[in-house]
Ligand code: BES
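What follows is one chain in structure tokens, specifically the form predicted on its own.
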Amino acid sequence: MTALTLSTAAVPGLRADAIVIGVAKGSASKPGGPVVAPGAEAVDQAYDGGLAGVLETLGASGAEGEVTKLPAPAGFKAPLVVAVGLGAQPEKDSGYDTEALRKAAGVAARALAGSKKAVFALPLTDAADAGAVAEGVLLGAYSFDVYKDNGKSAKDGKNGKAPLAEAALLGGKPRDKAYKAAVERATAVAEELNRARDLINTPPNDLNPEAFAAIAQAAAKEHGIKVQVLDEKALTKGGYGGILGVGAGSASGPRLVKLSYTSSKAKKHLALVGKGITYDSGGISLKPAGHNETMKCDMSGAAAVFAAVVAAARLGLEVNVTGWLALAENMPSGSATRPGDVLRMYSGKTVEVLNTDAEGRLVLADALWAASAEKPDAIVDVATLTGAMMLALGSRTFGIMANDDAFRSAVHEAAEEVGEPAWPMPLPEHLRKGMDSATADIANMGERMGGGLVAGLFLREFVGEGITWAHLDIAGPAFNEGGPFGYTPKGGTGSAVRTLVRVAELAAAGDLG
């Protein structure tokens, strides 16, 4: 993990491999070429005030994600200047949006892979800006190379370029409590988010339900979190028919992991529930060719919940947070659940399984009912649940459904605040009838149109009466099959981790809906 420091030192005398500065596009009121952002004054002065012209000559426009490299001015200890685009210049003195700073820092950190140290002279107006840059650096520097070159990681310098080793944030105040706290928070959240990315990227032959549970147990022990793991015997004794039914076709048995972080000052209890299908073949309703290769990512919801609970513990949030990881591998075999089978869920309800590839809602249903039994103040579940949500919102935005409009709005605002694109979605009552079953209490499939909403309606059936609940369908942004952008890498993204942590912070402050 990249080491972070705050510094007020003068730029020219700093020893580093590169100096990162921001450059923006001219605003609507001041159109024209690129504009050098605050923080880079010393660099601009060394170019006799002509840095913007030099950057324009090199093709820089200030567009978001753009990187322009140029030699550092004479007299600077660092040999290289890296100008990173911030997007549109803000009007008046409003300052740059924290997400713009986060993205710019991530782009620069990735561009500086292989470097030992970089100085980030981006525009910081307050501690929140420092936290955003710190978070962007740590997330942008992420790499996953442990399976390359006989297990020798790029982090060891044996395969490709190692991640940026150290970043000094200029403009930060090392002795200011707010700045220090912002960087410490960014470090805890980013480290746990990157842990979630590692889990998502790990091949399913190495990350089955038992292995995931063991990783959770080790982290819980390290951070003072209580953990309980239910194996096949305990699940059978408890009547967890949904989790058992999904895992029935695999040689790797399912698990339900409960992580409990408690604070002596807590006044609220937040439950988080994550879908943890460590590999999803579709089961007997086998996925077609071309749809299986990335299905190791179907445990992204459980990874997000795991990371959020650990982050809450590391931050010492004054709220009780319980995480439920519903872990199973969905495989076809002679023992697998068949289309037409009926499962008796932990709640006692029966479900007719019309499609074994609609398995996530089955494991979540059991975990939601288990979470409801503790009567938390709110439940948030996270899942790579439906392709329909990807069709609706694309690959970078997750959907939010809830049984309470105010709570849905609060979760949406939390997501937007931390820079995770999300959109509120409805739960139309008329779609519930499509899941009526002549054989069981409910079917696991309904109308094809609005499939993501149907899945949300199914989950709602397993939330305890009177409990506020929200469902995050992260099927789109959980796994990036394209090229990296901003602070988001190719592969597992850790989507929803930051939203969950922010929701927990709001719950601790009594500001959640």
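The shown structure was predicted, so the numbers you read here are calculated from the model rather than taken from an experiment. Start at 1 and count along the sequence shown; that's the residue number.
If you look for the form predicted together with the ligand, you will not find it shown, but the lines that follow are about it.
Original post:
Just one of 385 to 393, 331 to 339, 206 to 214, 265 to 273 has heavy atoms within 4.5 Å of the ligand in the model of the complex; which?
Top reply: Result for this chain: 385 to 393.
**OP:** Note which of T236, Q228, N355, T350 lies within 4.5 Å of the ligand in the model of the complex, where distance is taken over heavy atoms; exactly one does.
**Re:** Checking each option against the ligand in the model of the complex, the one that comes within 4.5 Å is N355.
Subject >> Contact assignment for the ligand in the model of the complex, among E135, D366, D298, D381, heavy atom within 4.5 Å >> reply: Here the answer is residue option D298.
Original post:
Taking heavy atoms only, is L472 within 4.5 angstroms of the ligand in the model of the complex?
Top reply: Judged by the heavy-atom cut-off of 4.5 Å, L472 is well away from the ligand in the model of the complex.
Original post:
Quick one: is L51 in contact with the ligand in the model of the complex, heavy atoms, 4.5 Å cut-off?
Top reply: No, L51 stays farther than 4.5 Å from the ligand in the model of the complex.
Original post:
D129 near the ligand in the model of the complex, any heavy atom under 4.5 Å?
Top reply: D129: no contact with the ligand in the model of the complex.
Subject >> the ligand contact in the model of the complex: E359, any heavy atom under 4.5 Å >> reply: Judged by the heavy-atom cut-off of 4.5 Å, E359 is in contact with the ligand in the model of the complex.
Original post:
Do all of D280, K287 and M445 end up near the ligand in the model of the complex, with near meaning a heavy atom within 4.5 Å?
Top reply: Result yes, every residue of the spot touches the ligand.
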